[in-house]
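A single chain comes next, written as structure tokens; it is the form predicted on its own.
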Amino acid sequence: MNLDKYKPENLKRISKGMINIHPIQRGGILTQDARKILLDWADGYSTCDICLEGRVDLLKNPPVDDFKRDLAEFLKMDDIRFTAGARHAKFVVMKAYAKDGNVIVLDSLAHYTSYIAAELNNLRVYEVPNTGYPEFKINPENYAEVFEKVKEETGKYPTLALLTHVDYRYGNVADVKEVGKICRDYNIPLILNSAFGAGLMEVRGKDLLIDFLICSGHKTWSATAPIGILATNYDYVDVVFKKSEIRGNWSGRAFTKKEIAFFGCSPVYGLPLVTLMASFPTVVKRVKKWDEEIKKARWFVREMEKIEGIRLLGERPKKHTLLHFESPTFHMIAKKHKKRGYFLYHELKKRGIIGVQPGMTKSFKVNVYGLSWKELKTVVDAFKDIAEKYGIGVED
């Protein structure tokens, strides 16, 4: 066994010092305040030095209990728990409604973990279709149509509905409130998966008429992975945050303060939780600057589309910084290039830019959230330079 591969000098991050435009990483870049406390809280159970209640979410020092209340206020929901990522949060909600034959309706742009969470909980899935190429939009009224289809085919309406706030494929922003109204009319609880939304843009749960709000701390809240946020309202607290009732038949042991869906105690300790707290003041401020981020994203799209063959996929005008471009001209180059589809990745890397998935040339995704105007221009110029190098036209 060669253990040298695990030495610090051999675990250096490839993207260090580069402009990172990876679609799932821009909103997870740590704030300076979060970086300051990394070593202090790096030990596994570091948050548990003074635990009097037997639950991490009730800690007074560090002030997790206060943070939970502040976070609920910020998201305009009633109660919060921390989870092992957004996918765990989805599983927790679906578990509360898990029963063979029950149906969940979700949008056809939902993240794969939404499907997996449903499958793990024996929920049948019905999809709300999207409009297809080139915008792939979800129309709210289609939720009502699918609800009626479920009733016709199963004899009862769905148990749950899920809407993806910002889809991970095209960066489309859903009309949450309209879907919320439809779900209220049908009395079907609505899960909003805001893994690419909350933490970057302002999200006020009750105003959007949602029942469960799911966030990703490491995608959009500048926290270390893995950490998710599950927020709900008082009507559902006892459903999803149910406490343990089990008792040992011989010992009589019981764990009445422990919550079942979180394995008794929050599954998140140490750095993910503390960095989420440390970045919170910055997050509260930065959501107010979302319009500036959209301005940058739209400029980026205009400049990229000056390259022959490059076209934005998804809704227009853009309402998010996650961008998906089709790029048939780059794909033509890849067919002849000795590095094949990897040529674009390597060309960008030589120019100090990383994040476009290796091997992707027919289409590719980027995220420009948080980039300065100077960095944006550097990225655009890199793409244009690559295009011109291989004889692709670029408009002035």
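Note that the structure is predicted; figures quoted are calculated from it, not measured. The numbering used is simple: start at 1 and walk along the sequence shown.
Heads up, the form predicted together with a further copy of the same chain isn't pictured, but that's what we're talking about next.
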Proximity of Ser46 to a further copy of the same chain in the model of the complex, heavy atoms at 4.5 Å: yes
Asn187, heavy atom within 4.5 angstroms of a further copy of the same chain in the model of the complex: no
4.5 Å heavy atom contact, Gly180 to a further copy of the same chain in the model of the complex: no
Any non-hydrogen atom of His22 within 4.5 angstroms of a further copy of the same chain in the model of the complex: yes
Candidate stretches 207-215, 172-180, 302-310, 122-130 - the one whose heavy atoms come within 4.5 Å of a further copy of the same chain in the model of the complex: 122-130
Of Val287, Ala261, Ala144, Ile294, the one that lies within 4.5 Å of a further copy of the same chain in the model of the complex (heavy atoms): Ala261
In the model of the complex, residues of 147-163 near a further copy of the same chain [heavy atom within 4.5 Å]: Lys149
